[in-house]
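The data below hold one chain only, encoded as structure tokens and taken in the form predicted alone.
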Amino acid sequence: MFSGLREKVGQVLVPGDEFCLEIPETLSLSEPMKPEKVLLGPGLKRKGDRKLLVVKSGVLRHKQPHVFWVENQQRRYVPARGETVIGIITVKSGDVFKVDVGGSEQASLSYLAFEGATKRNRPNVQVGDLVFAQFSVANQHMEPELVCVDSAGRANGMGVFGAGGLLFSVSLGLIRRLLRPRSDVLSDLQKLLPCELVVGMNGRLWARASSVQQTLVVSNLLQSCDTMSPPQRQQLFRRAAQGAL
């Protein structure tokens, strides 16, 4: 395990901080040494075989057994393969759609990348539509590519959506908090105002409640609790339940 990494969980790290791999002082000749596999998330990067480098400022988080990442309030999105995002169709050119995903460049989406789409049966996609899609190609040397089907060719919730809802942006840190298996933010919100939510890992949220007023309240609550601590968020939700907002 990297020296001091567990002790820093919950503390603020800055770019340039380094951690070194611990080597036991005594080695067993009878039992082979099995190094622990450490999985690194956003904000952390390996430097050689025995060093770990912090590349983003934020709070160090940990998930059992050996998953570490840096949580911050970053808003600029960098596409990554396999991530699901909310995109906006900007250009319809021949067989390819251009999609704004909030990154440094637009992504491409083929009309054949929808469930059941063929050359004769084209999907009804117009400029300005919202799509929930997944990156199939995302690296610094190639144009990002999106698909609206999974590995089995099924839509699995992806495709064109967005009728009657509201699209807004939050930080990537809040997105990761909402996507946790037992998200406290999401559970508190559903108790207060039941609503539909589509969460894109590019920092975009789409919400729809039973009325336009409640949809705006959901949007304001999520944007407000972006930088709040849990006690502050709970106080905000109590005020909303009492009708003070």
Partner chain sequence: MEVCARTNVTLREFGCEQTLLSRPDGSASFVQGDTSVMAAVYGPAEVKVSKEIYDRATLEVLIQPKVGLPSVRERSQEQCVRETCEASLLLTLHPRSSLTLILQLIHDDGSRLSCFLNAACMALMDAGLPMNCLFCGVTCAINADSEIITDPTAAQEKESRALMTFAIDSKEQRVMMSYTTGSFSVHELQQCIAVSQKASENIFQFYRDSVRRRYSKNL
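Since we're looking at a predicted model, the values are computed, not measured. Numbering follows the first chain given and starts at 1.
From this point on, the text means the form predicted together with its partner chain, which you will not see here.
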{"property": "4.5 Å heavy atom contact, S108 and its partner chain in the model of the complex", "result": "no"}
{"property": "Contact label in the model of the complex: E71 to its partner chain, heavy atom within 4.5 Å", "result": "yes"}
{"property": "Contact label in the model of the complex: Q140 to its partner chain, heavy atom within 4.5 Å", "result": "yes"}
{"property": "Non-hydrogen atom contact R75 with its partner chain in the model of the complex at 4.5 angstroms", "result": "yes"}
{"property": "Within 4.5 Å of its partner chain in the model of the complex: residues from 45-73 (heavy atom criterion)", "result": "K45, K47, L53, V54, V55, K56, S57, G58, V59, E71, N72, Q73"}
